[in-house]
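Have a look below at one chain only, the form predicted alone, in structure tokens format.
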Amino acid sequence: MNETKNKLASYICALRPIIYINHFDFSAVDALIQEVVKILPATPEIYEYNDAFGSVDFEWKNRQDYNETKDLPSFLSNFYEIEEESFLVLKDIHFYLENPKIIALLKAIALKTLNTKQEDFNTIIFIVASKLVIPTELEKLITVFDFPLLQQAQIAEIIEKFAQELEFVIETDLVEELALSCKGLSEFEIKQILCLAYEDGGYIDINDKKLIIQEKEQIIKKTGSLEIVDFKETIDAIGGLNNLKSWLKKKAKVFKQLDKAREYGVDIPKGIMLVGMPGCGKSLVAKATSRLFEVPLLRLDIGKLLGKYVGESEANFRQAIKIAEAVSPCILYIDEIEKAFAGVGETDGDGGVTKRLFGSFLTWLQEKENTVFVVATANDISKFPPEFLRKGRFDELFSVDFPNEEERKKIFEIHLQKRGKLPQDIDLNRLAKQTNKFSGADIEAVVKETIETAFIDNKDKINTQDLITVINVTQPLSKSLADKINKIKEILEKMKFKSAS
């Protein structure tokens, strides 16, 4: 809390004229502002405006009619004339930030504060809203203040205080475990969970961790940019890729014993980048990694992060990352990442949004010390800037090629067993030889079509020749996308990534 308070105070003392706090818990923001006021050289008057009631008393939230004005333009106009140390706390006004008059008034107050000739005038504007909207006209005047996540010790205090107020005993070990599970949630959300748990049984125990997980799932569902992926695949469902599977098993041992690993001096695993041929198991690896690590799998859709306002995309990204960190330990899966970032920096046709988003993502990858393990996949990386692929962003970069003969044999075996067909009745060696340059997806398609055809023809079982017949009429990706595949192969040979096989 002290670090947060000091950071906000430093922005105020540096005369950052508009401070945008993107947060939904207004009471937490009010408490922070009140704490900051105590350490400032001069005590400002605080005036609040919210969209529901207009002018309200900052401390008690009673309606206040300054000069009998209730609308935002009149409220702001009044403060252009006031010459005193003051804070304007404007809540939920993001709807007005497309209004030219509102933008002009905010700009006028901000510029007057920055004008050194007006020494008596010092008005800092706080925009507090759950949505980030930054008009281009105000971009240079606005400082976005990230409201930090609660630390584990702070969460433990909230739980202990809750127990004291309701006069029931909660063991210290349980407090610590619940506090760890609540990481990433706001004070408001934590209190909601505690109330629900207490009302359910009149006490709180370890079984209430399920409520915390459910609450986190609700948060994820509401973001739109993140989703929890349900799956059944295990590491054994991957045919081949033995180097990659061996590497993941070692990381899983670290991930399952993070406290011991940290104490021993082991770095927290960051993640992997999988590059190579389409249909060769990259997405399957992400799902299998989640099962191997025994943690949830979240999929990030970078395309859904893009917003139309200045700074909105970066804010959406920060929010998605905060949620991933809240659910951590977890796997953050980013599929076909090249579609979001390839060619970044070549043009600024989108006003530089992609470039800024890319920069935010790189910084987070480099500096993150949390237990979010990133699995990023890409087919074509020809337009990726080199800084994205250097060591330090990911623990390792693997290239995934078409399966070799032994791997193809294993893939046939997996898909036949999955559909209740006995591989011993089928010549897997012959099938493997007949499917050179077939991807895992091609082989799966062959098995599926063969079984479907046999069902339609009322056959009791399938044989090797049935599969060969379908193989002979199948156009694998290596042929249908020959130009693209050759291009990917050339790039992989230049990059010399570690082979997954």
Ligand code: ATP
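Heads up: residue numbers just count along the shown sequence, starting at 1. Predicted, not measured: the structure shown is a model, and the values here were computed from it.
One more form of this protein exists, namely the form predicted together with the ligand; it is left out here, but the text below deals with it.
Residues placing heavy atoms within 4.5 Å of the ligand in the predicted bound form fall in a single listed stretch, namely 276-284, out of 203-211, 276-284, 253-261, 289-297.
In summary, among the residues 441, 46, 36, 454, the only one with a non-hydrogen atom within 4.5 Å of the ligand in the predicted bound form is 441.
Contact with the ligand in the predicted bound form, defined as a heavy atom within 4.5 Å, holds for exactly one of 175, 397, 237, 321, namely 237. Each of 379, 411 and 415 places at least one heavy atom within 4.5 Å of the ligand in the predicted bound form.
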